[in-house]
Ligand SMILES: NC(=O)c1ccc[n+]([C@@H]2O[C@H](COP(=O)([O-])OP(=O)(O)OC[C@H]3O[C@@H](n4cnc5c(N)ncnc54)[C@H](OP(=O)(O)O)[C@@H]3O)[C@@H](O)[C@H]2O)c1
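To begin, one chain is listed below as structure tokens, in the form predicted alone.
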Amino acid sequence: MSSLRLLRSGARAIGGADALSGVHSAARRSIIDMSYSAHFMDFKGSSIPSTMRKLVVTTLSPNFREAVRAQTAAVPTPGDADLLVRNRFVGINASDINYSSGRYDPSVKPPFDAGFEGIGEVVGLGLSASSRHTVGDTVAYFGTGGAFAEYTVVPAKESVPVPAARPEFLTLPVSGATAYIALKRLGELAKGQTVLVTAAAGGTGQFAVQFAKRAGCHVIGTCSSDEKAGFLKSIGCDRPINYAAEDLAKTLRKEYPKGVDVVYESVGGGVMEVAVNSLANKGRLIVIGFISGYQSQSGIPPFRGDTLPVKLLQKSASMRGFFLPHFLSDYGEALSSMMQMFAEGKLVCEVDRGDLAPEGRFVGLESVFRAVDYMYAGKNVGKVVVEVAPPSASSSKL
């Protein structure tokens, strides 16, 4: 089964509003146009146009700008169990390049729609979907494909009700859930242990730092600038390491001679080699990605692994892979817990909207291209998000 189909199945396990226990949603509004037997559309209140812009993968390539084109298409009509969502924000993920290069599902051939996750307002819905949703609801979604568009049709069962169209909520369905579940299920964290998080100031790294700290661990985080090091300190990281100014391997050997108990690793290549060498006895290294290789033709960074079995054996250590679709039974509890923490002010959900990018904030669908480049240049602090529509355009006139 493809990763996207698995993600779709996982979204059904969210439990809808149950996943947001303790978080109060905005008041729901009634559907005002019941003139269609199969679907309801808030044409007057939401000013739904006949066409929209969307990003389409037209050729397979790890070069996002080469693979993807902006196109004009008809605004889709939701089916019986679907929602039509006007996207307010969409999330940028490292795996957008894996998707555009055809690595996730080789059976899918271009053209196909790009984008994994978004958040916005329901402006139309099918008859069955109206049993749990109504026009004016705000939902987040992921894994359906086609998020990089002004409007997206989302199966109602795959949506997550959220209190408001805030970009912070977009950090949780993929980036936050990956850190939460990976550390809980594979990290086996215990108070007093040492945890190393690579790319710690990124979209998922920021959550790994916070969850490890909440577990009572000493947290080390790698980053590429003093600005990011400052951010890591602000969210509880005990020892930020700016690898642009410090030698990561030497620093770990000097300051942590007994090694680290858990590594949350997303960079790959040489960084993973250092991480393996830095494991303590019975240490666990969790592989959640290897972004340093995604832009290559193979998608895999070089790794000198000839001695890996020996190194793991000598330390009774382990290397564990984590792929979110394989842990869907944990998803609902993870999302509910994170939403509660955020509502109580106990979880930082940092978003980077491109305010410091050369051309400014990421606004409009075409700025997705800039946002992908920005993330791969390592400029972001937190989750990279693009504002597809301004607030005035995403608010119903009801």
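Quick caveat: nothing in here was measured; it's all calculated off a predicted structure. Residue indices: 1-based, along the sequence shown.
Below: the form predicted together with the ligand, not depicted.
Visitor: Heavy atoms, 4.5 Å, the ligand in the predicted bound form: which of 184-192, 78-86, 283-291, 152-160 makes the cut? Say which one.
Guide: Result of the contact check: 283-291.
Visitor: Which of these residues, V263, V219, C223, I119, gets a heavy atom within 4.5 Å of the ligand in the predicted bound form?
Guide: It is C223.
Visitor: By the heavy atom within 4.5 Å rule, which residue out of V267, A129, V123, V274 makes contact with the ligand in the predicted bound form?
Guide: Here the answer is residue option V267.
Visitor: Using a 4.5 angstroms cut-off on non-hydrogen atoms, would G115 count as touching the ligand in the predicted bound form?
Guide: Judged by the heavy-atom cut-off of 4.5 Å, G115 is well away from the ligand in the predicted bound form.
Visitor: Although the ligand is absent from this view, report whether T138 comes within 4.5 Å of it in the predicted bound form, heavy atoms only.
Guide: T138 lies outside the contact set for the ligand.
Visitor: When the contact criterion is heavy atoms within 4.5 Å, does L279 count as touching the ligand in the predicted bound form?
Guide: Taking the distances in the predicted bound form, the answer for L279 is no, it never comes within 4.5 Å of the ligand.
Visitor: So in the predicted bound form, does N93 come within 4.5 Å of the ligand, heavy atom to heavy atom?
Guide: The answer is yes: N93 has a heavy atom within 4.5 Å of the ligand.
Visitor: Could you pull out the residues of 333-348 that have any heavy atom within 4.5 Å of the ligand in the predicted bound form?
Guide: Result: empty, none.
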